[in-house]
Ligand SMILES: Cc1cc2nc3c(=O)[nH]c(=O)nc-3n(C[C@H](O)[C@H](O)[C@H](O)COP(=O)(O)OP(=O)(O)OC[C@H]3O[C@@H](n4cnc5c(N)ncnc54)[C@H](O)[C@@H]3O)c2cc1C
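Here we start with a single chain on its own, the form predicted on its own, put down as structure tokens.
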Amino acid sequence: MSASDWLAQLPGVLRDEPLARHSQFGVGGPADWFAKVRDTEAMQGVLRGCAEHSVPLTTIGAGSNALILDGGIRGLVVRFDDSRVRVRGDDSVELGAGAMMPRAALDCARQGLAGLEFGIGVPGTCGASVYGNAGAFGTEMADVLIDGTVVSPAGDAQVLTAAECGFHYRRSRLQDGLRGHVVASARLRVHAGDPAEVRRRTDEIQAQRKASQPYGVRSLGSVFKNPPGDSAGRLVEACGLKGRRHGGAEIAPKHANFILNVAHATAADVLELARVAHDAVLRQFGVDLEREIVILGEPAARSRVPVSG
């Protein structure tokens, strides 16, 4: 069976699918092939098939902190859609990789389970949050992860402890030593609490987020990592760049470390603003800001080479 024949028989697969439809940010060119996968077993089959047929594989979450370039992504793009939130007693909760962190935080709050309140401020999936050690308001995934199930490029499932994930600030081994492994689920540490008190804390974090960050608009999340002892947003703001626009993208007037899609922005618009902000901070403060957003795909100017068999 050729690569194209194998891809065409995947359940629900779409050809030349615009990825802007599958990103909270609303930006991104087409995938050669796109499919949603709903459980670990199906993901194992996809990874084995990609390995057998030499098909490049890219997994995406909600697209809240990933910029998909205008030329799209070659090969197969998969969204792992297991969004289940499973309570395992009063000391842990298991999330499918596709579960949104805010929903998990609220589900736990309703059941009087504390520990995931920070998730209300993480507008992404569990899988992407483990991958990038996402966090908000003083807590990150490294603080709550017990272990996670990942699927290797060969299609084998294995459980990694938090220590084996090698977490650092907005990084994990999944970005380098375990690159190509796909997060399928994660067990997170919680503890029993008063439902009203847990919900009060989620509401407090939500209010902080609304007050300090763009809310209700298409945002790419934090564009740059905070440098040691400082804030990327403060540095970009000090360069006078709040509200700067390029094409349909804008550096957020409320928080300068966020870029908004305000008028049908392209990925090129976003990258240009990120370059302007980076270069201005380097020039004025000597700080070389490191990107936090994940860049996927290729720019529109490059020729597309579809998967063929």
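One-based numbering along the sequence shown. As the structure is a computational prediction, the values presented were derived from the model and not from experiment.
FYI, the form predicted together with this ligand isn't displayed, but the following is about it.
- In the predicted complex, this ligand stays beyond 4.5 Å of every heavy atom belonging to Asn257.
- A residue is said to contact a partner when one of its heavy atoms sits within 4.5 Å of a partner heavy atom; Asn226 fails this definition for this ligand in the predicted complex, lying far away.
- Shown alone here, Pro123 lies within 4.5 Å of this ligand in the predicted complex, counting heavy atoms only.
- Of the heavy atoms in Asn261, none are within 4.5 Å of this ligand in the predicted complex.
- Note on the partner interface in the predicted complex: the residue among Ala128, Ala105, Leu235, Leu188 having a heavy atom within 4.5 angstroms of this ligand is Ala128.
- This chain is displayed without this ligand, yet in the predicted complex the stretch 179-187 from 179-187, 153-161, 85-93, 192-200 comes within 4.5 Å of it by heavy atoms.
- Interface residues of 71-99, taken as those with a heavy atom within 4.5 Å of this ligand in the predicted complex (partner not displayed), are limited to Ala97.
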